[in-house]
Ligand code: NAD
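Next up is one chain by itself, shown in structure tokens, the form predicted alone.
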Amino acid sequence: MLKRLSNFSLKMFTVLFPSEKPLLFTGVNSTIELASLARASGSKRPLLVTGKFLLKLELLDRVLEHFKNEGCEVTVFDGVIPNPTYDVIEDGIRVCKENNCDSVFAVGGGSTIDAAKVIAACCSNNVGVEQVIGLLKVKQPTLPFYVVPTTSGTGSETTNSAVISETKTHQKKFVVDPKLIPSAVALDANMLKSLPPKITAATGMDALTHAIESYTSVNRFSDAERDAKLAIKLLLEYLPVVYEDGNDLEARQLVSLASFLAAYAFNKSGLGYVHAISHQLSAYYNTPHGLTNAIILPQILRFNKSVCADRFANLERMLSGVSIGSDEQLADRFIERVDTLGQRLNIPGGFKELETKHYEAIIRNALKEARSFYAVPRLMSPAQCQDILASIAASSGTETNQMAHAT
């Protein structure tokens, strides 16, 4: 019954508040084109939300110079950190208000984009973070909001949600509202080529997780399925390319597009247990979200195989062009593809940080999140979730590192 209620609620949310893709600019110089659009749309005092690392890399010099030449007074807020907390967002709100900013221009990864979304919403509604946590709590439109992602994975540039962390507990909290979808987005490979291989891998696997969990959701929409399948195809082919050669701008552009499409797909269809468990691990150990997803994904593929063999087989037929074999055999080949990709990207098998004393809370919160938000194809019991955690802990072999550049 809980599954039915969750599926029905998500379906009704999608029908009543349909997801839309933001206006999209792609290719070299698309960041400057986006800045020109912001200025032409009336932005005179943009708040540029980013992380300190990107400023040090001088990746923002051109866009800052462009805004200056257009007569704009730019205020920079570079206080975003991985898994941003309420306090970080409140700092951004204060900076935005003190400088009378009239728009928000975010350049960064998922943490930066999510932080910018909530800042834009709180400033236009004149409220604090607590007042927008939850479903449909953003009463008025956000400040005009523009995004340049510097990772290809989170997909926050096209979703109607933001994930932030409660300051003391670091528990993940959600802001979900169609008003959070950006006005326009630039997918600019030049902003991605400095992304280190480890972060390229982790964020790319995050995008793959989005696409697969969307495609296996019991909430199905033809456009979301189409975008999810294309994203899976692009990521399996081009993610290893950019991992091995970050300067391949064509491959960078295609991986970035795949991330965008995967995010649109899950924004309509929902996610699943990979994210439900991953969010809890990040709350306890501050693990990078994309890497956490990458480690959990193979476990959930095998957990779902009994009810998703036909879906996995359809993906394998698309990828290989071969239809010989049973659904179960083809599903196994698809799962093996994901395993092989993880090995090629040097994704570790588990987490050294995982402690058994946290299992009970992680399991409770993960199952609650899945019941409340996701149209999962198969319900998981506490015992099954514990088995997955134990497997991840037993498979740990490489320490996870903080990936500050991903902000």
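Since the structure is predicted, the reported quantities are computational estimates derived from the model, not experimental observations. When you see a residue number, it is the position in the sequence shown, counting from 1.
Unshown form predicted in complex with ligand NAD; subsequent notes refer to it.
| Triplet 84, 162 and 191 all within 4.5 Å of ligand NAD in the predicted bound form via a heavy atom | The answer is yes: all three residues contact the partner (heavy atom, 4.5 Å cut-off).
| task | Using a 4.5 Å heavy atom cut-off, state whether residue 114 contacts ligand NAD in the predicted bound form. | result | Residue-level check for residue 114: yes, a contact with ligand NAD.
| query | Taking heavy atoms and a 4.5 Å cut-off, does residue 172 contact ligand NAD in the predicted bound form? | reply | Within the cut-off, so yes.
| Contact of residue 256 with ligand NAD in the predicted bound form (heavy atom, 4.5 Å) | Result no; residue 256 lies far from ligand NAD in the predicted bound form.
| Heavy atom to heavy atom, is residue 57 within 4.5 Å of ligand NAD in the predicted bound form? | Residue 57 belongs to the contact set for ligand NAD.
| Which of 196, 134, 128, 141 has a heavy atom within 4.5 Å of ligand NAD in the predicted bound form? | None of the other options qualify; the answer is 196.
| task | With ligand NAD left out of view, choose which of 217, 156, 209, 280 has a non-hydrogen atom within 4.5 angstroms of it in the predicted bound form. | result | Comparing distances to ligand NAD in the predicted bound form, the residue within 4.5 Å is 156.
| Listed range touching ligand NAD, judged in the predicted bound form by heavy atoms within 4.5 Å, from 295-303, 201-209, 230-238, 120-128 | In the other structure, the partner sits against 201-209.
| Residues in 337-372 with any heavy atom within 4.5 Å of ligand NAD in the predicted bound form | Going through 337-372 in order - heavy atoms within 4.5 Å of ligand NAD in the predicted bound form - there are no hits.
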